[in-house]
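Just one chain is shown here, as structure tokens, and it is the form predicted alone.
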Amino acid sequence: MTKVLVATVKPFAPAAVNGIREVVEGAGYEMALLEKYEDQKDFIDAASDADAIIIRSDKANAEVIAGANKLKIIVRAGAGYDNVDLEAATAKGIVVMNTPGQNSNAVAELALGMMVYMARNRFNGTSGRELRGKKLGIHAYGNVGRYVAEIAKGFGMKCYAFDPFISKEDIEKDGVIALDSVEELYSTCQFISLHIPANEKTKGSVNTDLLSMMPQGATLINTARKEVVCEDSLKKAFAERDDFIYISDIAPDCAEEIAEHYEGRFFFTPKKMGAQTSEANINAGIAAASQIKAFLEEGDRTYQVNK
């Protein structure tokens, strides 16, 4: 019988697990559940006879892939997939997919929620500032970026975006101003919301050149990956600009140093929280199971990322 392994150190919500099970067992497959495991070896062992794997933040590394001789597909329930060794998977002919769009609203709401929290001085009783009328730059206008723009416009913010892979017409039909360069985005907007993936071209790309361009009242919001922001540049921005604020859905490696010197000018979630809603859990989990079924039964590779 075809075996689908759901391996999640951070478990899905019970409703999501039930939805995944309904799809998997409804297709006549066996579902195995590995939750809150403490050792990577547990994942390696569980994957050894799996035909398909669903993960969240779990590391589907070369060792996991090497030991999984029946494995045909890995689906990362979420947008990012840098926790999967694509080279190792491709070498064994294993399809890797993500579930784009399923967590997008949850991430966007978190971005705006953190912006409000910091703009109002973390609700500490002192006078803050309003978002209405401020310029928000959206760095990458994919699924999350679109939701961020939709919510931000409700606050009365002026929304701008830069994305070299999306046409100006597609951006501007949403009432968002499309800019021609990333430099123009950073020099125009007091708030910048990051939605770029972490890859060899983007890691460390948000650097001093860009951060130094931001207008007075600069706030950088990162719900993407910590690696896209150059940490030396981040520390330099804090040191040289007393107006600079950094908000991130995952703490940078230099978090302790920032906390020691720049109290009140940063906020980091205790763990990555972008997809941590019951709705996103359910949406991404069921989408992952449905994509596995479509691939195994129909050869559907719509969301394959290692083409």
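A quick note: this is a predicted structure, and the numbers were derived from the prediction, not measured. Quick note: we count residues from 1 along the sequence shown, nothing fancier.
Just so you know, the form predicted together with a small molecule exists too; it's not on screen, but the next bit is about it.
- At least one heavy atom of residue 76 is located within 4.5 Å of the small molecule in the predicted bound form.
- Contact between residue 10 and the small molecule in the predicted bound form is found at the 4.5 Å heavy atom cutoff.
- In the predicted bound form, residue 219 stays away from the small molecule, with no heavy atom inside 4.5 Å.
- In the predicted bound form, residue 57 approaches the small molecule with a heavy atom inside 4.5 Å.
- Contact with the small molecule in the predicted bound form, defined as a heavy atom within 4.5 Å, is made by all three of 103, 225 and 272.
- Heavy atoms within 4.5 Å of the small molecule in the predicted bound form map, among the stretches 24-32, 272-280, 46-54, 63-71, onto 272-280 alone.
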